[in-house]
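Next up is one chain by itself, shown in structure tokens, the form predicted alone.
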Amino acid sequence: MGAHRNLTRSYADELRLFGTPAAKVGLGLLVAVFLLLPTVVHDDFWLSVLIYVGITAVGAIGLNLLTGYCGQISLGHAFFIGSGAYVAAQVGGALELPLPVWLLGAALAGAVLGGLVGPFTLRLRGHYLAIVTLGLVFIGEHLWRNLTPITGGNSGTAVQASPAIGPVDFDGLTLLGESYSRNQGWFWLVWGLVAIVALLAKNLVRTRPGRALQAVRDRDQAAEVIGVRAGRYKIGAFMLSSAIASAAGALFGSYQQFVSPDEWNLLLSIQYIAIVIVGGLGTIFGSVLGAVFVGALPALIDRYSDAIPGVRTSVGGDGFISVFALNQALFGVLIVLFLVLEPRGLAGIWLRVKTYFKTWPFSY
């Protein structure tokens, strides 16, 4: 009887977020890293890489909800990220509204765009859906280049959206008499938002709507039979994914302070596909792992390209491949390798390691 009670309690702890002692210790370590890392790392390069990785992680969580949990393949993620950046430029820059307003405004705009696109994808799946969403990238490129009053056209536009919440301005953060740099403030802002989005998404997928999304992913017709309205959940997933992507785009634009149409291309969508595949489809923390692993690659390759054999760092220079082409090739190689060798991604590797140590020394 006591053993049964202990097993029941152990199972209940597993179901709760941070229900086990190890999970609580891990959470404490993550909080400590979040609070202390910017005070230890002062190099603007590494802080900026971590900020871009955090913004990428937000967008990747949105795509994983759509692709990993609902089974809808999308190559149009770049379109929604770009739309969020331009909303931030107008709402936060031109109208000079604070961070909560322009960030939520970008998310709302993304949800509306996702709701408009979603119904057209109800009868499509697999590569047919991927081709339709691919069209969004090219539609977006045309719009971003021709809506000059909003986007600045080919020349791009400045994004002066202030990252301030009341008296707290993350561009020039001052706490307890201590002043912090722009990158230090942005690190806390971005990774705080990553934690919020990840926790909300994790709780969503554990609820009834989350289980319905997974039922639609596994067998949408069978889900209809048991009472799940697959069409409604597909559109809802598209709207939620688009909203999160637009919020990520708004953060990107505000941090970079300038955006142009060249940034919202097919390569960006492929990068996000690589992130969720490498990180692990159908896992929230896999989206963050994938963003750290894949999202940092372009900046690191650009930084250390001189030390990589065969990489051409300038026009007419030595080498057989440019930095841009190397990034494209790496995304393709990572997608193929993980799909063939490790379909569950980095999250799958981590779960196997965790299971091994849970059962040790009885593992075989």
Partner chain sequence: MTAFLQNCFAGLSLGSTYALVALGFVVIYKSTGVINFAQGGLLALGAYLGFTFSNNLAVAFGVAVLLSLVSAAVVGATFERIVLRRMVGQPPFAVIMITIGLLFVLEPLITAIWGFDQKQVNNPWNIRTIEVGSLVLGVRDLWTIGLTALAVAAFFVFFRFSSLGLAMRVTAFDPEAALAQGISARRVYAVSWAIAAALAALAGILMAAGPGGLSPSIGFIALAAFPAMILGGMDSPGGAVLGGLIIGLAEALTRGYQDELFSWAGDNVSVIIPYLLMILILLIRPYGLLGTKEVRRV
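This is a predicted model, so every value here is computed, not measured. Positions refer to the first chain, counted from 1.
Not on display, but discussed next: the form predicted in complex with the partner chain.
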Thinking of the partner chain in the predicted bound form, which stretch from 96-104, 288-296, 199-207, 140-148 has heavy atoms inside 4.5 Å of it? 140-148
Counting only non-hydrogen atoms and a 4.5 angstroms cut-off, does Gly332 reach the partner chain in the predicted bound form? yes
Just to confirm, Ser48 within 4.5 Å of the partner chain in the predicted bound form by heavy atoms? no
Evaluate Asp169 for contact with the partner chain in the predicted bound form, applying a 4.5 angstroms cut-off between non-hydrogen atoms, and reply yes or no. no
Is there any non-hydrogen atom of Arg211 lying within 4.5 Å of the partner chain in the predicted bound form? no
For this chain shown on its own, do Leu35, Ile349 and Arg352 all sit within 4.5 Å of the partner chain in the predicted bound form, going by heavy atoms? no
Val194, Val159, Ile277, Ala243 - the one with a heavy atom within 4.5 Å of the partner chain in the predicted bound form: Ile277
Single option in Ala237, Leu189, Leu281, Val259 placed near the partner chain in the predicted bound form, where near means a heavy atom within 4.5 Å: Leu281
Would you give me the residues of 25-42 that have any heavy atom within 4.5 Å of the partner chain in the predicted bound form, in order from first to last? none
